[in-house]
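Below you will find one chain, with nothing else, as structure tokens; this is the form predicted on its own, and questions on how it binds or moves follow later.
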């Protein structure tokens, strides 16, 4: 990292610099028309049901990915508290899967009959590619932070005062848009920034490329959900 950028990274954090640098794709992921349609109350509920089923399948693949980050932290982290952050995330995912099943039942979505669409399969394969022992902890935590951040920022937008989010979708938005989840995302960001400050130039390149891939996959996932 160049000296000037390194000083900025120490002040603002590498992740914040990257979000500014890649503002267009970040905005595309967090202010997608699918999210905006929830916020303004115009969403097609069939699109919501499609998202619900596909995201349930994604979360099931997300659990082993988070577990792999926890394992990398055990072997590579320079801070014992990292593992505690990931353990809290795994506990929340257990509740999340139960929530998906309950919501699916409410909306008449039969989860056992849903097949993953290609966009979902591609995203899950991307997660699998980050689980190998050859992937550095710094790269993996950057991906985890980015994935969680997109949902937090997207659904928090639907909870703002000016929003017209349908009452029946308010709990969905609250699940990821609440302040507690926001704090979790900030904890992940702090870990990522700490690691990125000490990363090699090669790790930095890999981590930034991974962030971009996550944002691109998120945009494609919203596109798929919208239909």
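Keep in mind the model is a prediction, meaning the values are calculated, not measured. Positions refer to the first chain, counted from 1.
There is another form of this protein, the form predicted in complex with a small molecule, and it is not shown here; the text below is about that form.
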I'd like to check something about residue 65: if you look in the predicted complex, is any of its heavy atoms closer than or equal to 4.5 Å to a heavy atom of the small molecule? no
Non-hydrogen atom contact residue 45 with the small molecule in the predicted complex at 4.5 angstroms: no
Can you work out whether residue 73 and the small molecule are in contact in the predicted complex, taking contact to mean some heavy atom pair no more than 4.5 Å apart? no
Contact of residue 151 with the small molecule in the predicted complex (heavy atom, 4.5 Å): yes
Checking 159, 59, 36, 197 against the small molecule in the predicted complex, the residue with a non-hydrogen atom inside 4.5 angstroms turns out to be 59
Just one of 142 to 150, 84 to 92, 129 to 137, 102 to 110 has residues with a heavy atom within 4.5 Å of the small molecule in the predicted complex, so point it out. 142 to 150
